[in-house]
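In structure tokens, the next block holds one chain alone, the form predicted on its own.
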């Protein structure tokens, strides 16, 4: 990503940011509300076009080669939902049918999605009976069951209890390690980001104000945790 900018009329949502995500790592994008995180993720996911700058996914430009990029990625928005009248397993099958080239491929995706969701027999209940945490686990499983080269997740554990958050965090770590999948994740939970991410970038007012491994950033700021680093960096650029 080079000199990425996205303006909405007079609002500079993203104002000239640069960062590179390495293959197979979990990269965290963190910042206050309105900092430009979701806009950046949507551009990477080819849902928004940048005002200027360049974004490439595995060498493919998100503007000039969006169809190729979409075959490489899987994206989970913060406010994503599932069809409430479908059973969990039916939802996974419905989504797999859009991607699978044949019935065998669809079946393999659904079986894998069911396994990593950890929902067990509840997959045979309708989604409308699920808790928020169960729905999110289903959606994360849907995102990963296609085994993307790059998974993009916006606030994957927002509003979830400890049990469901724990499951999703470990699902992401295990998946990235097993399949060498690059994961880009946005979250307001600094402890979560510190736990799962190899490197992070802090974005504030559309600009990157810090980037590096959590341990490196803590050492640099003489901080005991990533939350302290976050607060100091944001306040310094207020």
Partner chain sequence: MRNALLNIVKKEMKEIIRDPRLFLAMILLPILIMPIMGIAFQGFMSQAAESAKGEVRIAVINLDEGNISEIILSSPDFNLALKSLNVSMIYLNNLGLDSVDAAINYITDNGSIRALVVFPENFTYCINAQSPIKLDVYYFVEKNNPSSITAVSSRITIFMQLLKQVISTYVILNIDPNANPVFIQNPLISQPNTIYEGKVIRNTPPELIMQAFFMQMLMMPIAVMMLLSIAIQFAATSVASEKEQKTLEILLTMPINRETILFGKLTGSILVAVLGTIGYAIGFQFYMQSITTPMGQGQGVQINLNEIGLSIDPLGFTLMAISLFLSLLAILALVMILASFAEDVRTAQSLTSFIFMPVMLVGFFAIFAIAIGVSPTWMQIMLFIPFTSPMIVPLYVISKQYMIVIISLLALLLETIIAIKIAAKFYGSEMILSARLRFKKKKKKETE
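Residue numbers count along the first chain shown, from 1. Fair warning: this is a prediction, and the values are worked out from it, not measured in the lab.
What comes next is about the form predicted in complex with its partner chain, which does not appear here.
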Distance check, residue 48 to its partner chain in the predicted bound form, heavy atom within 4.5 Å: yes
Proximity of residue 121 to its partner chain in the predicted bound form, heavy atoms at 4.5 Å: no
Can you work out whether residue 166 and its partner chain are in contact in the predicted bound form, taking contact to mean some heavy atom pair no more than 4.5 Å apart? no
Applying a 4.5 Å heavy atom distance criterion, does residue 81 contact its partner chain in the predicted bound form? yes
I need to confirm a contact call. Of 110, 160, 150, 139, which residue comes within 4.5 Å of its partner chain in the predicted bound form, counting heavy atoms only? 139
Just one of 201-209, 52-60, 170-178, 39-47 has residues with a heavy atom within 4.5 Å of its partner chain in the predicted bound form, so point it out. 39-47
Its partner chain is absent from this chain, but in the predicted bound form, do 77, 97 and 100 each have a non-hydrogen atom within 4.5 Å of it? yes
